[in-house]
Every structure is written in structure tokens, then in C-alpha cells.
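Presented as C-alpha cells, the chain that follows is alone, the form predicted on its own.
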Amino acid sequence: MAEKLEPAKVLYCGVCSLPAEYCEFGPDFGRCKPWLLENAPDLYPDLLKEANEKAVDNVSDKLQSVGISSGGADGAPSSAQAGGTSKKEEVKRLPGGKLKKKDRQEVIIEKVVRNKRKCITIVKGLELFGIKLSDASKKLGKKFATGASVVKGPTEKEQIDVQGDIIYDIVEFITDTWPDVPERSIFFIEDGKKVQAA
């Protein structure tokens, strides 16, 4: 007679409801970390080491703020306190650990050809100058008597698509309509390279 097998027991995450070993591939691993540290520390030993390092950093920060640190025993301030605040600068990090870059204030204009004859002029970056994209698309559509709409680009950022090849006329229109946009911060994409419009 064959041996009867027991069903496998799977630990599911209490936050994202995925199996615990797949949490790192889930939608928000950062929210799952505390639950995993408490309920499945053996699955992610790196998290346990990271949590211990953070705890040590927090304790040292608290000790420095109170005044107890590796300074002299006679009450002399330590070198970190004597130099002013030793607060580390907060850096925004993305989920993969990469640093988040600040968006440069620049307008990028690109011409895309469809079906070998129809052109679309794409305008990116106007929102960085405080310009509402829906208003800008209406003004562009009226000025050049063509269709213009706000769409999400491949990077999930909004951009303005204008029908037609208006790539060289649009620079003057942008600088005249919105004086906050300097001409030196307007760039074209030509043959895959960024070229200054001025």
C-alpha cells in the first residue's frame, strides 16, 4: 500500500497575502518587512541583519541627541557635537535601493513619424514650470489649428501630443506664452540625441 502524503503547509503574508517567500516580488515589499521579521525571520535573514543595523543606528542617534556618546569622560563634547549637527541628509530611495533623481526643469520636444507621413510633436516637461498641461494643450491646439491632447507617455508621465510637424514653431510659441520657461531649457530630440533649441 502506498504511503499517504501530507499536504504542504504554506505561510501566507498577512499584508500582501502572497506566500511569504514571494513577498519580495509583490506590490509593496516595504510594508511586508515588519510582518516578515515577526512571523518568518528565517526566510529573509538579510532583513533581520538590516533591522539590527537600524536599531544600532537609532540607539547611537538617541545617545548623541542626549549627549552621551564616545566623547571625553570629563563631559567634553564629542567631535560630532562640536562640529554642529551631525544629522545625515535624508535621501529618497526607490524600492530597489536606487536613489531617486530630481527632475531637471527642461522641456523636451520630439517629433515622431507614423505611417511614413503623419507626424506627432511630443512636448514633455511643461508641468515642471508650473504650467497646467490641459490648458497648454488647448492653447497649442488653437494656435496651430490642430489636435492636441494630454496623454501618459511610456514612463507614466504626462505629456502633450500635438498632431503635425510643428517642432520648430513651437519653441517661439512656448517662450512667448509662458515667460517662465527660458529658451535655454528647451531641447529637441534629434536622432536619439538631446540638442538645445537655442
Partner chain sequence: MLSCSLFVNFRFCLEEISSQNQVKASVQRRIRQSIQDEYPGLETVLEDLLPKKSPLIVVKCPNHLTLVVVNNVPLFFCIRDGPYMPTLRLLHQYPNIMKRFQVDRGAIKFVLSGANIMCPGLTSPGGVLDEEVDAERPVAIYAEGKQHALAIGFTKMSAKDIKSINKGIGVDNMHYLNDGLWKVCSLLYSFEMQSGLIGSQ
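The shown structure was predicted, so the numbers you read here are calculated from the model rather than taken from an experiment. For the two forms, the rigid core is made up of the largest set of C-alpha atoms that agree within 1.5 Å on superposition. Positions refer to the first chain, counted from 1.
The same protein also exists as the form predicted in complex with the partner chain; that form is not shown, yet it is the one meant from here on.
If you check the partner chain in the predicted bound form, you find a heavy atom from every one of 9, 17 and 31 within 4.5 Å. Stretch-level contact check against the partner chain in the predicted bound form with heavy atoms at 4.5 Å: of 157 to 165, 22 to 30, 139 to 147, 126 to 134, the positive one is 22 to 30. Taking the partner from the other structure, the partner chain in the predicted bound form has no heavy atom within 4.5 Å of any heavy atom of residue 195. In the predicted bound form, at least one heavy atom of residue 3 sits within 4.5 Å of the partner chain. Residue displacement note: residue 19 has its CA displaced by at least 2 Å between this form and the one not shown (rigid core superposed).
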